[in-house]
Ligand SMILES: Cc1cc2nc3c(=O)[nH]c(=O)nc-3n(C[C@H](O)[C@H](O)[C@H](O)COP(=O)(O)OP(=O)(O)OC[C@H]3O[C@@H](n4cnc5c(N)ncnc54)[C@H](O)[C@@H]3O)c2cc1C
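Here's a solo chain for you in structure tokens, the form predicted on its own.
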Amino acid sequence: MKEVVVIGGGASGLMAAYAAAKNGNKVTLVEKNEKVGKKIYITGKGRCNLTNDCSPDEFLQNVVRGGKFLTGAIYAFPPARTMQFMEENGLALKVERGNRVFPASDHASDVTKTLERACHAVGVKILLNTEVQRIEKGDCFRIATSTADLVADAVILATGGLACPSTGSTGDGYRFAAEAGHTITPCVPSLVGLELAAPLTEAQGVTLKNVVLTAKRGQKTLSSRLGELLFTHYGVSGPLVLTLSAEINRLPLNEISLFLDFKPALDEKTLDARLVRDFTERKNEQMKNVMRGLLPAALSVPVLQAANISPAKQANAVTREERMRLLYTLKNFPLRPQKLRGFEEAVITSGGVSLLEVNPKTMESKKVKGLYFCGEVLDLDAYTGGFNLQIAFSTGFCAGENIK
């Protein structure tokens, strides 16, 4: 039996504490907030998309960074095991579109309660309102906290990242890891909105479904996906943009160009025929009104301006050259990204403890024996859909399970 201290009571910390305690270790979980699972409460808009009901192989296809490192952990504790764990501990589940898994109750708090209940059942001691200030390693670990000093044979760092700082994710774990000699990959927000150099403020609140957003760096296409996009006061957000942010957040945004295809279901020939028909049927109307048959009203003028066509021009006065420019603009509307929104709005952190310095099978540090990492503190991140919480559960389980 070992004395184990888990620092951080989020998804990965609770799972790590459970896994370590069920093997007979004496486990103390230290949480600086007034309750555990604070970030869980706000995930999935308060419903908590806790995993994705897919195979390990499919899961790994949705990991943006660290897929190779994660392979062992995802096979050892796949989504099916997470679902089984939750159900065995009294949480009914349901699967929705995109294989997203939610508590049947639609209450994120029930996920936290389930994890907490499982921890209590195996004897985990939970210290709330207790902030770790320092970790020292000698013949054992000495952990100085705001309330008492703890001694441990093993320490699991499950402190989260920098996203959602209001939940207590303030990067403490990076400091502890760096003090222990670990390399920290620079952290950036991920799954977050994009500020544009020229935001379309007139289109604020407009949601577009089934559009294609393409990102290019020079002539190279970095990403091109179909989905839903939302215009905001600062730029763009919505599922398409959150996904894209995970792919471009470590690149210089001034080198990236974005293009929006408003009508991906129509090829250029078909769309041109549609334009000709609309212009003929509404030949005496101004273009800004004609365009409303194709686009939300708030986008008619910006698209015409991008095509260098006067919004007041009558449809019967539009030249073939202008129509071709409009056709091109509808399929390639330019957006200039300026910066990512901040950690306050990000779903997760991209970056963290270097994976080269952590054993992928056990989550133990290669530099400090008895020090383990799990969850968002590691340089791992994935797309939306329950994948990031599953990373937390899988790495947490592996960290706790391998302390014997």
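This one's a predicted model, so the numbers in the text were calculated from it and none came from an experiment. Numbers follow the displayed sequence, beginning with 1.
Absent from the display: the form predicted together with this ligand. The rest refers to it.
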{"item": "Which of 319 to 327, 258 to 266, 130 to 138, 299 to 307 lines the interface with this ligand in the predicted bound form (heavy atom within 4.5 Å)", "value": "130 to 138"}
{"item": "4.5 Å heavy atom contact, residue 346 and this ligand in the predicted bound form", "value": "yes"}
{"item": "Partner contact for residue 5 in the predicted bound form: this ligand, 4.5 angstroms, heavy atom", "value": "no"}
{"item": "Proximity of residue 365 to this ligand in the predicted bound form, heavy atoms at 4.5 Å", "value": "no"}
{"item": "Proximity of residue 42 to this ligand in the predicted bound form, heavy atoms at 4.5 Å", "value": "yes"}
{"item": "Residue (of 278, 272, 195, 172) lying close to this ligand in the predicted bound form, criterion heavy atoms within 4.5 Å", "value": "172"}
{"item": "Any residue of 144 to 160 that, in the predicted bound form, places a heavy atom within 4.5 Å of this ligand", "value": "158, 159, 160"}
